[in-house]
Ligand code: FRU
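We begin with a single chain expressed as structure tokens, specifically the form predicted alone.
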Amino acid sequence: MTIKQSEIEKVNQYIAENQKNVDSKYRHHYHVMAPIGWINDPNGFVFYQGEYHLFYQYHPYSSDWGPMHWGHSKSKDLVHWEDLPVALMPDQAYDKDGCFSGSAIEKDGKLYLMYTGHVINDDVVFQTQCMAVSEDGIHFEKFENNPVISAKQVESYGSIHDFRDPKIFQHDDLYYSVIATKSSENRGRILLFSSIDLISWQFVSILLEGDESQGIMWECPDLFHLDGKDVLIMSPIQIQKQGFEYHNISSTVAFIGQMDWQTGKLLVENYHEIDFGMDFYAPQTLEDEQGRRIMIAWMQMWDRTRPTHDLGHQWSGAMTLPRELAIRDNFLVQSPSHFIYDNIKIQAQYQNIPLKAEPVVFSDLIDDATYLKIVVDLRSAQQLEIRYAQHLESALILQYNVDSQCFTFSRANFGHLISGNEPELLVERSAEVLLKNQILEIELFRDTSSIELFINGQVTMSNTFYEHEKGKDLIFSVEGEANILELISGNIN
């Protein structure tokens, strides 16, 4: 069934005519955003015909959540993105209230999308799985026989009212899809389905189920093989805090282990939070032509205030930097996509700067599209503090305590307040970072209203912020003594 072109053309015409009204004050330079309106989950992240394609949950008519469309961008280098026409919109009986999250796969030169049809009847939600196909990767036709996975196929294994976010992939001679649902006890559950042709689907197994501490619903699953391990990433709602982990109202988790394809079960060896920032959700991955496993996520969080919406800027949400993944010591580690380094123009370099009693101030290293590499020797220090974008008494604060091995990022009292539904106001997060030879290494990527930190190859932190006035100072201070071995500043273009 062809999407009603007259209707989808109206959507794209609205975007073209109204995107000029968007306030660009907090807009990004090298992160994926929609041209106007609201976005959330990344969808259909795929390498297709020599380019990276990213679809996303999209409500073009408001900077607030609404009936979900699929927005669409593509890139050759994961840095410079081109907006493409809206790919899907809710226009059929089985998806009339939203084309919810899903994924993409190439077959015989065509691009297939698998997505969740979202329907509300008499205030009751029903969710099924649907397919669409494209000859050119831009214009999509929905299958005549949607949904391809119906209520009858899931009612014995999960909730048809919470059954969403299919991630499609190929293993051996079959196509598989992992799909999120929950048990009658409100525990997260991931189901596995298989198909020989992407049209006819069969239930395989309950791949994994959570316990009572692991959230009331799991979303956005993604299963892949990496460095000899099988990895299931997904996003649990209201998972319980564990030390530094899971402080956001909704979180992201990597389960690492081995897949038993005979039983369709994931044998879990360990699990951990993926990102220790306050704005990271619903990650999805692809494998490109070089065999790299690359992940991207929504750089925002549910149930939070959104300054760009509250200020009437007519947009809300963006994606994180794409990150290349690896398994090290049974832990999922992330590094910025290698493409980003090709687009960094180095502005300044410093070496061997002693830190003692007096703070060291740099006033020329901060821009809206800044890269910083900071390497500090802390062998004679108790604590390091870096104040980023200092303006008057306000700054974003990066702090490392040597004794506790605790790294903290704080946006407290900085710019517009971002508050949420957490039991206590969440304005900072911490993570354990182990030093090698007492060296702390931070890579910082700033894009107008976001800051992403990659710390000692172990921890990432993704956060947004909306400053009132532009802060220009970068200030280092230390308890004890330290040495800035290397400080590199660059601009990303």
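Since the structure is predicted, the reported quantities are computational estimates derived from the model, not experimental observations. Residue numbers run from 1 along the displayed sequence.
The same protein also exists as the form predicted together with this ligand; that form is not shown, yet it is the one meant from here on.
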Practice item. Answer with yes or no whether Asp95 is in contact with this ligand in the predicted bound form, where contact means some heavy atom within 4.5 Å. Key: no
**Study point:** 4.5 Å heavy atom contact, Asn463 and this ligand in the predicted bound form
**Key:** no
Check your understanding: Could you tell me if Thr448 has a non-hydrogen atom within 4.5 Å of this ligand in the predicted bound form?
Key -> no
Practice item. Answer with yes or no whether Phe255 is in contact with this ligand in the predicted bound form, where contact means some heavy atom within 4.5 Å. Key: no
Point to revise | Stretch from 36-44, 23-31, 434-442, 454-462 whose residues place a heavy atom within 4.5 Å of this ligand in the predicted bound form | key: 36-44
Review point. Mind checking whether each of Ser101, Asp165 and Trp302 has a heavy atom within 4.5 Å of this ligand in the predicted bound form?
Key: yes
Revision key, fill the gap. If we test each of Tyr371, Trp315, Tyr176, Tyr281 for a heavy atom within 4.5 Å of this ligand in the predicted bound form, the one that passes is Tyr281
Study note, to complete from the structure: Exactly one of Ala87, Cys220, Met114, Ile149 comes within 4.5 Å of this ligand in the predicted bound form through a heavy atom, and that residue is Cys220
Exercise for review: Taking only heavy atoms into account, state which residues of 11-37 are within 4.5 Å of this ligand in the predicted bound form, ordered by sequence.
Suggested key: none
